[in-house]
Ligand SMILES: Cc1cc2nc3c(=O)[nH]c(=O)nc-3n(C[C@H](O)[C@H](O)[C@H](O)COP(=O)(O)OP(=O)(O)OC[C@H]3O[C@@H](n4cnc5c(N)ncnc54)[C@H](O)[C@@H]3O)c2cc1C
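A single chain comes next, written as structure tokens; it is the form predicted alone.
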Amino acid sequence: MSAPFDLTDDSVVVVIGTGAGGGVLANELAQKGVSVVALEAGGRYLPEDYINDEWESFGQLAWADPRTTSGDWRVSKDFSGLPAWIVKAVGGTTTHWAGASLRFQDHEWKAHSTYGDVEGANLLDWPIDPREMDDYYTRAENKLGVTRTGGRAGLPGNNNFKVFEKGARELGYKAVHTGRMAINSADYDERPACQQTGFCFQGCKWGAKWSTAYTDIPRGEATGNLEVRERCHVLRIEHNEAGKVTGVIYADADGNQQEQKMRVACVAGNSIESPRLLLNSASPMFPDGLANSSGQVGRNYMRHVTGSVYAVFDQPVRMWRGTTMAGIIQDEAVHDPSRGFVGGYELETLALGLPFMAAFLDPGAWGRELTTALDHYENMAGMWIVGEDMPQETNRITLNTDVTDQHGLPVANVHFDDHPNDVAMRDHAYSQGKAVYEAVGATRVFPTPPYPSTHNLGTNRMSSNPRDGVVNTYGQSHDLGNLFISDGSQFTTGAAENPTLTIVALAIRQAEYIAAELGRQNL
């Protein structure tokens, strides 16, 4: 384990957050000999601590600090204080994620060039050439042990997948398999194979699913170059008159305020907390928030077009047995505007336990329609929609000064309105999802509204021109050279794919850049 770094040590890189972006970045830098202090707002839980009970696990892991919502999205009505279902713990949401690890398609890096001007959308091309990402994607897949890549076998299909696959084939879908998953199908990288326990969202008790909590974080610590401070909630980032960030103020586990000096700051707190931190760090030099000369901090919030389809059959399916999500139909992930929308979507198997099914199937519903559905839980199969939503300037994270958190700071308000393209895509996905199940004899099919977001994207987006975004191609602030964004908030557009693999690939790339710039004395 590394010795602690001094609070006055201004040679360290401070990484805020330890999830897919921050946890990987901290380890990659530590492996290169860079001194890193990682500040994590949550506690540390390892596989032996995870709880195979949905509500109790939620209490252990979820980010439940107060937030508010607005906009026309269904979540703002059903889950007004919980717009996002993310984790507050060492490892971040890599503890809770399902494991789906998909590369962006080439056209998705260049959404504006591909889709053209979409009315009401703030589309922009990523300042990255798709070919530049090939090697980083391969390295990310090898780090995560992604199935169906690098010669690793796919996971076995459970009953939920078998129903899904049969229906997909009946409809003529071709790209159907158990997915590219960061869940071991065989022992790999000192982690065992998946035991098909079925509580993937509650933290993998076997460690078969990749999480920074028990891979990158301990490996970074073993170098002696990484110190992780848990239960340390960053309140604001300080800077000097030269426009360089100099330190972070955080509340430690006892609630006392500390300041860690630093050479570089990397913000990886998810697309809600990262812009909130920048906005809460406003100063006379940056009156609208740190790194916000463009006015784009907090804007262009994306959460993916989501929703679920569940179906009841006359025979038991027992969808909860086996991997929570290991099945995908990729045929609709293409860009085909003849369907009535730009961009595409994936359909992925999903099983929720009975407690969450009662909460999420039709929030607020009551009576026979709901209870008879739950009565048939054993005979149910389920899938989830994930598609590319349109960035909109008005979908944004702002500070709600009427509500404060436990540290007295304004909380994030998450405002989201569906774009017409999002609605058209969701409706198309609902009808295709229903058709998949009807093709294999479903007796009842019900689309369910979107859940609290886990794929929070945008809000500090990459742009080649500083006026269009917050960071450059390496996640480096356009305004402050030694401030980086290292999570999904740097996404320019969302693509149809689950974002974690891309967040990891970008973190590997960013670590190379930061280490090289430190070596050149440029930071």
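All residue numbers are counted from 1 along the displayed sequence. Keep in mind it's a predicted model, so treat the numbers as computed, not measured.
Note that the form predicted together with this ligand isn't included here; everything after this is about it.
Student: 366-374, 125-133, 111-119, 263-271: which one contacts this ligand in the predicted complex at 4.5 Å, heavy atom to heavy atom?
Tutor: Heavy atoms within 4.5 Å of this ligand in the predicted complex occur in 263-271.
Student: Is it the case in the predicted complex that Arg74, Val305 and His428 each bring at least one heavy atom within 4.5 Å of this ligand?
Tutor: Spot residues vs this ligand: no contact at all.
Student: Which residue, Leu483, Val37, Val34, Ala41, is the contact with this ligand in the predicted complex, using a 4.5 Å heavy atom cutoff?
Tutor: Answer to the contact question: Ala41.
Student: Out of Gly382, Gly99, Pro275, Gly327, which one falls within 4.5 Å of this ligand in the predicted complex, going by heavy atoms?
Tutor: By the 4.5 Å criterion, the partner-contacting residue is Gly99.
Student: Indicate whether this ligand has at least one heavy atom within 4.5 Å of a heavy atom of His478 in the predicted complex.
Tutor: Contact check for His478: no, nothing within 4.5 Å of this ligand in the predicted complex.
Student: So, in the predicted complex, is Phe161 in contact with this ligand at a 4.5 angstroms heavy atom limit?
Tutor: No, Phe161 is distant from the partner.
Student: So, in the predicted complex, is Ile503 in contact with this ligand at a 4.5 angstroms heavy atom limit?
Tutor: So Ile503 counts as contacting this ligand.
Student: If you check in the predicted complex, is Asn498 within 4.5 Å of this ligand, heavy atoms only?
Tutor: Looking in the predicted complex, residue contacts with this ligand include Asn498, since a heavy atom lies within 4.5 Å.
Student: Using a 4.5 Å cut-off on any heavy atom, which residues of 219-256 would contact this ligand in the predicted complex?
Tutor: The stretch 219-256, when checked against this ligand in the predicted complex, contributes Cys232, His233, Val234 at the 4.5 Å heavy-atom cut-off.
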